[in-house]
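The form predicted on its own is given below as one chain in structure tokens.
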Amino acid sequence: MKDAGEVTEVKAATSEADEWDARYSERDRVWSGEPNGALVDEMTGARPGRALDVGCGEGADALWLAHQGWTVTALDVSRVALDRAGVHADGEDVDITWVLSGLLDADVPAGGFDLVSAQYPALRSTADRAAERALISAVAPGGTLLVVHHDMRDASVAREHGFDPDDWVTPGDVAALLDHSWHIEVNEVRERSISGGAGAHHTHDVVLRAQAALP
């Protein structure tokens, strides 16, 4: 079995890789170290299969999924984040492939995953909706798409802090592209609770969980 801590594939990173590397380098740990609550809530007890973790960061979600029996492909543009995730996974009996890449640069197979999980993804919104379409196309027939982001109903406050929600893909953007072949099981705003780490000040999330139809 391969070393669970090794970055086994390297793809072209996006232009934002340096920015994310710098952010991760500012502190020993950026996130809480715990799997995201919405992922745990939505996927506990689910039958494991192949999972794609988009923007895996320091690896807590990927490790949680792997411990549930999932075979995980975990993407991130930051080498610093993936190296840190690899250290956390080192010595664990888990099946995780760490991939240094953005979603659009990765060689993600169409219909290749039983679960596509994007927890607070930093995916740029574009006119052609490329990121949303990439998430959707990666889900296998009968598979699950889980997209979670902070609730940004008061966009003016975010803009005052230099963040424009319109620049980024939201669960609503993804839901808008789902056709009749999808069943939306969850599409709601819910409270969140987190012990610490960046983003802990956000109190509500938007959660989208949808299932692709079987042929």
Ligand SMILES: C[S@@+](CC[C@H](N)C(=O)[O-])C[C@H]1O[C@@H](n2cnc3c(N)ncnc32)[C@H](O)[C@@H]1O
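Remember, predicted model here, so these are calculated numbers, not experimental data. Don't overthink the numbering: it's just position in the shown sequence, from 1.
One more form of this protein exists, namely the form predicted in complex with this ligand; it is left out here, but the text below deals with it.
Check all three, G49, V72 and D114, heavy atom within 4.5 Å of this ligand in the model of the complex | No, none of G49, V72 and D114 comes within 4.5 Å of this ligand in the model of the complex.
Evaluate W31 for contact with this ligand in the model of the complex, applying a 4.5 angstroms cut-off between non-hydrogen atoms, and reply yes or no.
-> It does: once this ligand is placed as it appears in the model of the complex, W31 has a heavy atom within 4.5 Å of it.
Partner contact for A122 in the model of the complex: this ligand, 4.5 angstroms, heavy atom = So A122 counts as contacting this ligand.
Do V77 and this ligand come within 4.5 Å of each other in the model of the complex, heavy atoms counted?
-> Contact check for V77: yes, within 4.5 Å of this ligand in the model of the complex.
Flag A134 as yes or no: does it have a non-hydrogen atom within 4.5 angstroms of any non-hydrogen atom of this ligand in the model of the complex?
-> No, A134 is distant from the partner.
Heavy atoms within 4.5 Å of this ligand in the model of the complex is the criterion; list the residues of 92 to 120 that meet it.
-> Sequence-ordered list: S101, G102, L103, Q119, Y120.
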